[in-house]
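One chain comes next, on its own, written as structure tokens: the form predicted on its own.
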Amino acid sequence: MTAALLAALVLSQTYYTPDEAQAVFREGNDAFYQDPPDYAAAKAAYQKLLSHGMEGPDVLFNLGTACLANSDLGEAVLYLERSRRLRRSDDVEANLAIARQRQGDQLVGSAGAEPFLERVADATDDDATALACGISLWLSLGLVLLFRRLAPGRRGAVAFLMVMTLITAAVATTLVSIDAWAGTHYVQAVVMPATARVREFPKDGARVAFEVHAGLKVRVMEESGKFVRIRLSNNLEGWTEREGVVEL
């Protein structure tokens, strides 16, 4: 009986009905658009949805936008980037561009410095690629079966379509594989504090090589105790405290 009551209590705290979720979402929107805007209240409403497991692209986008309006640059980039991973849109790109303009680290030599496979994965729409992969594979299978059933003189058009779908399937499968591989080997994170010190070695007393600031996207290379080694897009590297960066 105690276990059942505990389970019911946990579920009641972590689950919103669709109507409750919509009410909280509207609460956040109303706070954002009221005059004057209450960005803190909007953030709190959207964060309620996240805490209840509702991490859809719209919630993440609205939360990131509220953080951006509230000058919480680290959180803004974090949530906007997470929204972008789920669904790309012009609005997400526009707000990320604004965040980059406000970001304190304008890196020299950063253009195109990211590894090629990481750039390919970042430029690929995961959902669209996976859908194209599945559709093209099924079409290829259907066309192969149709090709085998047709008389030799009537196979020309089907053979052409079969080759094209196989090529599409191969390209889509390659992109899906690259995305999965990059997601495993390239761990990206966002700097959260206003200023984070980056040291030469993973020790409190090590010399500070440089500083990074809220909203900068970095790559996490390895961990050592309470430190992580980060790499910037211009290939600068160093160690900073783990709690200062949040993975995407």
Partner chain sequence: MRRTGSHSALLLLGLLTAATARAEVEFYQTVDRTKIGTEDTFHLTIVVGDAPEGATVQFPAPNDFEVLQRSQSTQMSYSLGAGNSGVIKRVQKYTLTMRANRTGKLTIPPAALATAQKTLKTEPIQVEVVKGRLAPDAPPPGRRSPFPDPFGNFFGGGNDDSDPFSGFPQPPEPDVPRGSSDTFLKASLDKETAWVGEQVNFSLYIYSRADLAAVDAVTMPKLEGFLSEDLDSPTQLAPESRTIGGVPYRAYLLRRRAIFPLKAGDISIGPAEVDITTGWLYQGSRQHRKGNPLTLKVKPLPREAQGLNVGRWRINAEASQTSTQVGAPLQVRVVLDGVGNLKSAVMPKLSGPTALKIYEPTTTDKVQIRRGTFGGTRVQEYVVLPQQTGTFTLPAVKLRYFNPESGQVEESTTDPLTLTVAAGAGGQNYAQAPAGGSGGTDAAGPKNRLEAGGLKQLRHTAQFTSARKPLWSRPWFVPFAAGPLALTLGFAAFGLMRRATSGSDPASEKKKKARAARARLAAAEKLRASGKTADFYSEVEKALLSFLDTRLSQAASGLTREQLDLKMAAAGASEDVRARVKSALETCDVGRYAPGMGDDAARGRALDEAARAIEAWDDK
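The model shown is predicted, which means the values in this text are computed figures rather than measured ones. In this text, rigid core is short for the largest set of C-alphas that superpose within 1.5 Å between two forms. Residue numbers count along the first chain shown, from 1.
The same protein also exists as the form predicted together with the partner chain; that form is not shown, yet it is the one meant from here on.
Comparing 213 to 221, 186 to 194, 200 to 208, 25 to 33 against the partner chain in the predicted complex, the single stretch with non-hydrogen atoms within 4.5 angstroms of it is 25 to 33. The partner chain in the predicted complex comes within 4.5 Å of a heavy atom belonging to Ala69.
At the 4.5 Å threshold, heavy atoms of Phe160 stay clear of the partner chain in the predicted complex, well away from it. Contact check for Gly134: a heavy atom falls within 4.5 Å of the partner chain in the predicted complex. Using a 4.5 Å cutoff between non-hydrogen atoms, Leu143 does not count as a contact of the partner chain in the predicted complex. Within 4.5 angstroms of the partner chain in the predicted complex, the stretch 73 to 87 places a non-hydrogen atom from each of Ser83, Arg87, taken in sequence order.
When two forms of a protein are overlaid on their rigid core, residues whose CA moves 2 Å or more are considered shifted, and Asp91 is not one of them between the shown form and the other one.
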